[in-house]
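What follows is one chain in structure tokens, specifically the form predicted on its own.
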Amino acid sequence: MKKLSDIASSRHTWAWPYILFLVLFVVLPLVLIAFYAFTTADGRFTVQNFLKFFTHSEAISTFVYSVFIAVLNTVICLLLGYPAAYIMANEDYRTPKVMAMLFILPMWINFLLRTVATVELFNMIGFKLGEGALLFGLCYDYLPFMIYPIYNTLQKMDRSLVEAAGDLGANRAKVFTKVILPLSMPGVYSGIVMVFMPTVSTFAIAELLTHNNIKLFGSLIQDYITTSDLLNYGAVLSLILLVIIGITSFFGSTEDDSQKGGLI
């Protein structure tokens, strides 16, 4: 009994379910994507799938367009989200709770249902589905992911720094640009990552809000992966997207750490 009790109280024992989960649902899928990307349909090693991507004009143009849409959506969410987060962090204690609830409420419903409802709303008012509807839907779905990281950072900010800047003669604009904005950059970066990454790989929102007339890179990956004889090429597109997002995250986190070091 004592041995069983020691095993149950060990931290390593409770870590095994999480390790198993990571292996089955994170490591194994990534290994399979890499395997299919470097093999042919009959299992032979090849790099032709990668060469095909760089000579496939449709894939290149779709990827560039997806990055453009993701950047545009991220900028829109930042322009709308930062003021909302700033208000939530600076008003009286009731206002942040009400605003937070208003932004959380739509997230209680599955994003596919919200997107379908948006399609019906546009059809009802006669708004043409297309790029404008796509950007609206993306912003509607991902705006909370921009607001909350910035809000959390601003809320935890040391208010004495703001007071000190004011005591030293800085006006509100100077306080914001020299104190508040630099200190909120970790939240801004987190929000950018949480909006940009899912946007660049989304496909369901684009299909619903454009009647599949606009294809993003995620839609292209889905089309190839669900086609058995093009599964390997779909795996290549998935791997390329993962690598690019990983590199972006690495350099972004490095820049974020340097900003923190500069502030310290």
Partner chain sequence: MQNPNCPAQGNVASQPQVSGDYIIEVKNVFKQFEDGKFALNDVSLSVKKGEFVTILGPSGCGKTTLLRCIAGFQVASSGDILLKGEDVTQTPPYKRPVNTVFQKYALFPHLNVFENVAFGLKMKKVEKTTIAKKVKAALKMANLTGYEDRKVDTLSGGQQQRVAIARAIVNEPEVLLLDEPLSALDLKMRHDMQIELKELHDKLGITFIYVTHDQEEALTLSDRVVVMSEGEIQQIGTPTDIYNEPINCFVADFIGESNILSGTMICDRKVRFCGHEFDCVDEGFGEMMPVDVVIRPEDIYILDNPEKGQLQGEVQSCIFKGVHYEMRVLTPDHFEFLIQDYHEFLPGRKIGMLVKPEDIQIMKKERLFNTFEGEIVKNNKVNFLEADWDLDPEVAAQFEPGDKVRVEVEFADVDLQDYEEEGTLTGEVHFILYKGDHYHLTIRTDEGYDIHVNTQDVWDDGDRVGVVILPKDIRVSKL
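Numbering follows the first chain given and starts at 1. Since the model is a prediction, treat every value here as computed from it, not as a measurement.
There is another form of this protein, the form predicted in complex with the partner chain, and it is not shown here; the text below is about that form.
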Would you mind picking out the stretch of 174 to 182, 80 to 88, 109 to 117, 190 to 198 that comes within 4.5 angstroms of the partner chain in the model of the complex, counting non-hydrogen atoms? 174 to 182
Should residue 139 be classed as touching the partner chain in the model of the complex when contacts are defined as heavy atoms within 4.5 Å? no
Does the 4.5 Å heavy atom contact test between residue 101 and the partner chain in the model of the complex come out positive? no
Contact flag, residue 135 vs the partner chain in the model of the complex, heavy atom cut 4.5 Å: no
So in the model of the complex, is the partner chain close enough to residue 170 to count as touching (4.5 Å, heavy atoms)? yes
Have a look at 154, 129, 165, 76 for me and say which one sits with a heavy atom within 4.5 Å of the partner chain in the model of the complex. 165
Could you check which residue among 161, 72, 105, 121 gets a heavy atom within 4.5 Å of the partner chain in the model of the complex? 161
